[in-house]
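Next up is one chain by itself, shown in structure tokens, the form predicted alone.
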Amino acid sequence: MSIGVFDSGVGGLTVHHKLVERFPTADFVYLADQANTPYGGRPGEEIVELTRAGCERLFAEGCNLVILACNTAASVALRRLQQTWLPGYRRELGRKVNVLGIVVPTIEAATGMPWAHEPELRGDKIEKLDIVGVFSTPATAASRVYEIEVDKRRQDVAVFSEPCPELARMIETGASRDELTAVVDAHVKALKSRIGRAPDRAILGCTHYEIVADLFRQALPPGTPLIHQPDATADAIARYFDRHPDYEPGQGGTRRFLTTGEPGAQNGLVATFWGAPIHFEKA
């Protein structure tokens, strides 16, 4: 068996890279739905169906666990798929399979609390709010998943989301650093304007954005902590395997990269991030 990693494009490679570091002997299949990228501006039902199709393809490739390395898919589709599709699909396959996302690990990292934690509601006066800025796609921002789930766990943390409609597409297509810098700077400025000051911490709520994390660090005040989804996800998956040893991730160390788009090498921005050229097979 192997681990499947799914994203609308190349952004999920940031999570995949960290997972490979954490589980060097595991077998991985990465699937990029580049024929339909980006997901951020699509209607919810389309996102659900595209995500389901990606999971089915990865299960057909022998994966028993699929990680949605896409905030939009995880925010909009994951709960629906887990509740209404996955139980019947498991019975159809006749084997154990599961789908996990990257939003839960990120919220755990942002709050310092496990997902299942139910804090007691207290009437104590909150002296100072910890403000977390989330840079994301429009669909993730519209879902308000970070605002809702963080507020359930931490009354002293306020979340402000900044939708970035074009940024994932620009990264996917290899835009120049000057173009990317201008867009990142504009979104950081817009978020600071809405908050009235800079956030205390920031979440790069689209895995594409990790590829240009240095531009966010440059635009934010020096020392602003970034909550990195790849690290949080790798930690969470390690804990998952400890709890579920029956989900064997393989021992061959194989790496496959599939795309619904055009196969071949990816753009220079991705190659620089990965440290070597990546060649995708046709899915």
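Residue numbers here begin at 1 and follow the sequence given. For clarity, every value in this text was computed on a predicted model and none was experimentally measured.
Below, we refer to the form predicted together with a small molecule, which is not included among the displayed structures.
task = Could you tell me if all three of Leu31, Gly54 and Thr259 have a heavy atom no more than 4.5 Å from the small molecule in the predicted complex?
result = Not one of the three qualifies.
query = Pick from 82-90, 178-186, 69-77, 153-161: which stretch has non-hydrogen atoms within 4.5 Å of the small molecule in the predicted complex?
reply = Partner-contacting stretch among the options: 69-77.
query = So, in the predicted complex, is Ala168 in contact with the small molecule at a 4.5 angstroms heavy atom limit?
reply = The answer is yes: Ala168 has a heavy atom within 4.5 Å of the small molecule.
inquiry  = Just checking whether Pro38 would be counted as a contact of the small molecule in the predicted complex - the rule being heavy atoms within 4.5 angstroms.
reply    = Taking the distances in the predicted complex, the answer for Pro38 is yes, it comes within 4.5 Å of the small molecule.
ask   = So, in the predicted complex, is Cys206 in contact with the small molecule at a 4.5 angstroms heavy atom limit?
value = Taking the distances in the predicted complex, the answer for Cys206 is yes, it comes within 4.5 Å of the small molecule.
ask   = Taking the shortest heavy atom distance, is Thr106 within 4.5 Å of the small molecule in the predicted complex?
value = The answer is no: Thr106 has no heavy atom within 4.5 Å of the small molecule.
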